[in-house]
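A single chain comes next, written as structure tokens; it is the form predicted alone.
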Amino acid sequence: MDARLLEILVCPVCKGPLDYLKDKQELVCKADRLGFPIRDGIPVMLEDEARSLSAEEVDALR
């Protein structure tokens, strides 16, 4: 994942910051508890494609 791209991407729902989870190939918004997939190196920034994260998963990121 390109570092410059990570700097400018924000959550499409709340416009908040995203955390990059390299092992899961996911961009995570802690505020909305959503994980956006990265497919073939391309972030899929659609709310319908995001997976919901449990409170425990979000807490583990803090």
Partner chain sequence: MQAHETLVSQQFGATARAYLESAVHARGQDLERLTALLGARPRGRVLDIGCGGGHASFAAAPVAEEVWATDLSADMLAVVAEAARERGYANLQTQQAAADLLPFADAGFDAVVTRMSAHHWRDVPAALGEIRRVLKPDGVFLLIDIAGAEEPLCDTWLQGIELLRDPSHVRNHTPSAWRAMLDAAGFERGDAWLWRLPIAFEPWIGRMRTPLVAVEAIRHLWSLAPAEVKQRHAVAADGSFELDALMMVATPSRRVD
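All of these numbers come straight from a predicted model, not from anything done at the bench. Positions refer to the first chain, counted from 1.
One more form of this protein should be noted, the form predicted in complex with its partner chain, which is absent from this view; the next part is about it.
Under a 4.5 angstroms non-hydrogen atom cutoff, its partner chain in the model of the complex has Lys15 among its neighbouring residues. Taking the partner from the other structure, its partner chain in the model of the complex has a heavy atom within 4.5 Å of a heavy atom of Ile8. Within this chain, Val44 lines the site of its partner chain in the model of the complex, having a heavy atom no more than 4.5 Å away.
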